[in-house]
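Below you'll find only one chain, the form predicted on its own, shown as structure tokens.
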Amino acid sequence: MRPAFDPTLYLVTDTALSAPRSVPDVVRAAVAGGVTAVQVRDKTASRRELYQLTLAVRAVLDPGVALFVNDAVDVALLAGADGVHVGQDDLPPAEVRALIGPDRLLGLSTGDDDELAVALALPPGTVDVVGIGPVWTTPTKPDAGTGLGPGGVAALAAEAAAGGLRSVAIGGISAERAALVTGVDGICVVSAVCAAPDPAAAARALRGAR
């Protein structure tokens, strides 16, 4: 059975933006403020460093807060994470599902109708949640493409829901903009929490805006 997963406020970690604080310290505060799911992401870390980071993050999570690892299927399995999130240039989702088995969650990034159509064409149960974005162009991930805007995200989210997939929006979301994002099951943030002076307060503001 797959773990429970509440996508309401989904945090993707950023080691550089969290500094000088540790990622686990930021995550602990963010969860106290209302973050409901966490994805460990650090493209500069070695596999060993990512594994150690994932274990450290897992240790500070409250029960019921799902833990994903970005891209690294081996790390997710070894660290006992609840799931894996892959992008369009990572391993294909069907192959990732075969590796992680039926009892872990799988997320997939989608940025347009064609990418979402591929996700929807996969066998039911392959993907659990799609990340839709960027909503707005963001310096956190400059290669993510042009912003879809809230309307574009809502349209893709409706297609995902019709196909049985949950969705989170990502890209340039702040507490001031969060209410503009509709139709999705949750919002996904990086800098809005990781770069905040008070991650708990930032998370509370994001939850309050929804």
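What you see is a predicted model, and the numbers here were worked out from it, not measured in a lab. In case it trips you up, residue 1 is the first one in the sequence shown, and so on.
There is another form of the same protein, the form predicted in complex with a further copy of the same chain; it is not shown, and what comes next is about it.
Novice: Taking 35, 56 and 61 together, does each of them reach a further copy of the same chain in the predicted complex with some heavy atom inside 4.5 Å?
Specialist: Not one of the three qualifies.
Novice: Tell me, yes or no, whether residue 135 is in contact with a further copy of the same chain in the predicted complex, where a contact means a heavy atom of each within 4.5 Å.
Specialist: Contact check for residue 135: no, nothing within 4.5 Å of a further copy of the same chain in the predicted complex.
Novice: Hey, in the predicted complex, is residue 127 touching a further copy of the same chain, heavy atoms inside 4.5 Å?
Specialist: Output for residue 127 is no: heavy atoms all beyond 4.5 Å of a further copy of the same chain.
Novice: Evaluate residue 44 for contact with a further copy of the same chain in the predicted complex, applying a 4.5 angstroms cut-off between non-hydrogen atoms, and reply yes or no.
Specialist: Contact with a further copy of the same chain, no.
Novice: Would residue 72 count as a contact of a further copy of the same chain in the predicted complex, using a 4.5 angstroms cut-off between non-hydrogen atoms?
Specialist: Flag for residue 72 set to yes.
Novice: Is any part of 53 to 92 within 4.5 angstroms of a further copy of the same chain in the predicted complex by a non-hydrogen atom, and which residues would that be?
Specialist: The stretch 53 to 92, when checked against a further copy of the same chain in the predicted complex, contributes 71, 72, 73, 74, 75, 77, 78, 87, 88, 89, 90, 91, 92 at the 4.5 Å heavy-atom cut-off.
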